[in-house]
Every structure is written in C-alpha cells, then in structure tokens.
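The chain below stands alone and is given in structure tokens; this is the form predicted alone.
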Amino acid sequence: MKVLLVNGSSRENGCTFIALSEVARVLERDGIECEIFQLGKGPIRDCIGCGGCNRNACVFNDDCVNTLIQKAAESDGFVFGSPVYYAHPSGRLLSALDRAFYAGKPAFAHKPGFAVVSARRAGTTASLDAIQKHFTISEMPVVSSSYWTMVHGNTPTEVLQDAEGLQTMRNAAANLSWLLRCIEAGKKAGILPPQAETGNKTNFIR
C-alpha cells in the first residue's frame, strides 16, 4: 500500500512539511509506503473550465498537475497539506486540486484521505473545509482524527512544539492506516466499491 502526501506549500521544508512528516512516520511504522509530493515554487495554472480534461489528464501539461494525477492513480490513500493564507489554503494547492480532481477523479475515487493545515493562529477550519470539499464530491472516505487536523506555529521549530497538533497528526495517520487495511481486507473478501448513479442533473433555472 502507498500513501501520497501532497505538500501545497512553496516552502518545501516548512511548517506544512513538519505536519506531513509526522503523518508519514506513523504510516511507515505500519509498513505503508509514503511519498511526499512537493508542488514546489513553480507556477501552477488555475482551471479554466474548458471541458477538455479527458483520459485522466489536464490539457495543460506545463506544470506538475498531470504528474500529480499519475501518482494518485498509483496510490491507495492521500494526505493534502497546506499553509493557511488569509484564512484559506494556498492558491497553488487549490489550483492543483481543482484540475487534478476534474481531470483525474477516477485516480482518487473510493480512496481514503484527509487534509492537514498549518497556521500561525487562525483560518484553519475554513481551510480544511475548502480542501476536503474535493474529497466529498469524489466519493472519497474522509479520515478523521481526535481533533481537527491542524498544527500551529510561525516556524517549523514552533510547530515541533505543538504537542497536541502533532498528536492529532499521528492519530489521523493511525486511522488512515487502519482504514487502508480494512479496504484491502474487503477487496480480498470480494467487497468492491459501489458504482455511482449518473444521468440526473437538476436544472434550477425555470
């Protein structure tokens, strides 16, 4: 089993990385392979709603989004991390997720995951909500923890002092590990993901 941890911060070894690393330690302890995928500092296009996303790829191939979709297809679970800017996640993460989930939804469907955010002080729950909406429209089980999955600190050193936040990361990771093993056992028992109904779209304009 493999979990893809996506770092939506342009600071590759910053506060968000500390939170993701704490999650990865628990998963690797349980024998689950982990990869931290850095969105990096380069420009990431926003979705333009062109409708051209097909074959599990975005029409734009000049940034990391199609690589993200490919890695997602090879993964069994996910953790998406972001710093908090103006009470919302990083724009680069939201742009990447919008395009990746539009173009590559099958790579994420029925695979569990959760979001983590880092903040100096506030805006965390709004940021978690914005990220996790991608999960709940894509048939992903959302993994919970003993508190909201956030860490606080203005620097990586301060985040390492957030004992409760890091504990929350570990508990979320343990729940993800448990759920991955449950899903694996279910597949071996012949329990497959359900097929969603399609075709009905309500038009609210009368």
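Counting begins at 1, following the sequence as shown. Only a predicted model underlies this, so the values are computations on that prediction, with no experimental measurement involved.
The same protein also exists as the form predicted in complex with a small molecule; that form is not shown, yet it is the one meant from here on.
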message: I'd like to know whether N154 contacts the small molecule in the predicted complex, with contact meaning heavy atoms within 4.5 angstroms.
response: yes
field: Contact of A103 with the small molecule in the predicted complex (heavy atom, 4.5 Å)
entry: no
message: Please determine whether R25 contacts the small molecule in the predicted complex, using a 4.5 Å cut-off between heavy atoms.
response: no
query: Hey, in the predicted complex, is A87 touching the small molecule, heavy atoms inside 4.5 Å?
result: yes
query: Taking the partner as it appears in the predicted complex, which of 92 to 100, 129 to 137, 77 to 85, 106 to 114 has residues with heavy atoms within 4.5 Å of the small molecule?
result: 77 to 85
